[in-house]
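Encoded as structure tokens, the following chain is the form predicted on its own, with no partner shown.
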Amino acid sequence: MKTYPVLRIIEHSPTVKSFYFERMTDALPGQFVNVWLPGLDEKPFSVSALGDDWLEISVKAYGPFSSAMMELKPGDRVGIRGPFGHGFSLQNDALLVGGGIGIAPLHLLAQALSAQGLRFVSLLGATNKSELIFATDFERRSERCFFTTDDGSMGKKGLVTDDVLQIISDHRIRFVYAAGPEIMFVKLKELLDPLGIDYEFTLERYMKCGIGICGQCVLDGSGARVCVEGPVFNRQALKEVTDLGLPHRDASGRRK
């Protein structure tokens, strides 16, 4: 763990911000770093972008820790360690499905796919327009980019999964990536499994150590550790997971 100053902050909405730090490490799309706020706690966040000399993480305010992140200013120092976990593979003819802050890890994935000259289509959904982060960049990098919002303020009003089958058919999709709420994954599995299309989803669980020792983030059924074998899991690995879409366990091990 080393501490780094916040270089700059982009506010996407009052509850969603991106934080930029000195690029202290490389990270694969889907990997995460642990961020420590002195005197408060340490939490994992996906790396959402990398530049030549900077690293970006994007945060949505949910609980005490992420809400405290919203109060940071340029120059404030936080602890960062990582990267950790198993990231995305890079596939051609892909569909990226992002829901809410789940768009963040897909942003780094879009960078990597684009750099490799791989073809992909993006489908992004959020509560409203202000939470559709990185929309312009996804439009620039994707062959096509579709948006949905709960309130209809950008793109189509509805759920991000509503048009998945049509997009797969229209755009010759052979692989699907997804990041977002787990109820979205449950629906995607229901749609994709009958088609035989391979996919990778990035999961989230309560973590303590981030390196596979404490067992806090173990998945029911498979016993896989989200911090080591995940957070990205493929179709085969997800077949063994029995708690997909269920309320997550808290620090005590109880389901919320």
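Just so you know, these numbers come straight off a predicted model, no measurement behind them. Each residue number is its position in the shown sequence, starting from 1.
Separately, the form predicted together with a small molecule exists; it is not shown, and the next lines address it.
Contact with the small molecule in the model of the complex, judged by any heavy atom within 4.5 Å, is made by just one of 192, 219, 207, 27: 207. For the small molecule in the model of the complex, the listed stretch (145-153, 165-173, 99-107, 122-130) containing residues with heavy atoms inside 4.5 Å is 99-107. Contact check for residue 38: no non-hydrogen atom falls within 4.5 Å of the small molecule in the model of the complex. Using a 4.5 Å cutoff between non-hydrogen atoms, residue 64 counts as a contact of the small molecule in the model of the complex. At least one heavy atom of residue 32 is located within 4.5 Å of the small molecule in the model of the complex. Interface residue remark: residue 256 is counted as part of the site for the small molecule in the model of the complex, having a heavy atom within 4.5 Å.
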